[in-house]
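To begin, one chain is listed below as structure tokens, in the form predicted on its own.
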């Protein structure tokens, strides 16, 4: 994991006037930096910043450092951090808010969020991951033929091993109740 240097911790970027960001900052102001969220996170070893470090960056308003990080993209929304947080900070909700903010304010993050949107859309439509439809949707959203060509070698390798299947609607709609519940929860927040 990458450690913050003293110089990096002192660089402060002014926050844009965004109500969602202000709400997020207010919620994370309750964080006492105990690190329970980091200790509880099953994906922490794959993150470049720990969740605790990310909350501190939000408190300090260092958006550049936040959007450079891939930490919030690694959150699997398992809610373990939220259940164990002694101050009920709602870290999972904060991760989702950071994904939305990154998609709105950071150009590089928009490309990253394109995959997550394509993935969620694919799961919702087919009830499970359909690799060919997922990559078609993702590469179409990027509108970059060059990116599509970059995936050709791995696509050919997977095709040769029988790992790519044509889209099937056999599981379509099975997760619709789950997606409706998530939509309801997001409308409330």
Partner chain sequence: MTHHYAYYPGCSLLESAVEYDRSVRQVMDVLDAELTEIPDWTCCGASAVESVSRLLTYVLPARNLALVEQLMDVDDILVPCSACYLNLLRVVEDTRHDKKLLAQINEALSVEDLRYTGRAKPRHLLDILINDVGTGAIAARTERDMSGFSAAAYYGCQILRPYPVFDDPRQPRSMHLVLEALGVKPMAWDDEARCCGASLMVTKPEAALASVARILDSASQADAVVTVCPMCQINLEAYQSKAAGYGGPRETVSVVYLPQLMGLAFGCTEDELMLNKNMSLAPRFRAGMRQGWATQGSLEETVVEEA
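Being a predicted model, the structure only gives us computed values, none of them experimental. Residue numbers count along the first chain shown, from 1.
The following text describes the form predicted in complex with the partner chain, which does not appear among the structures shown.
- In the predicted bound form, residue 61 stays away from the partner chain, with no heavy atom inside 4.5 Å.
- Using a 4.5 Å cutoff between non-hydrogen atoms, residue 108 does not count as a contact of the partner chain in the predicted bound form.
- Of the heavy atoms in residue 42, some are within 4.5 Å of the partner chain in the predicted bound form.
- Although the partner is absent from this view, residue 130 contacts the partner chain in the predicted bound form, with a non-hydrogen atom inside 4.5 angstroms.
- Taking a 4.5 Å heavy atom cutoff to the partner chain in the predicted bound form, the contacting residues in 145 to 173 are 147, 150, 151, 154, 157, 158, 161, 162, 163, 165, 171.
- Compared with the form shown here, the C-alpha atoms of residue 104 and residue 181 sit at least 3 Å closer together in the predicted bound form.
- Note on residue 54 and residue 181: their C-alpha atoms are more widely spaced in the predicted bound form, a change of at least 3 Å from this conformation.
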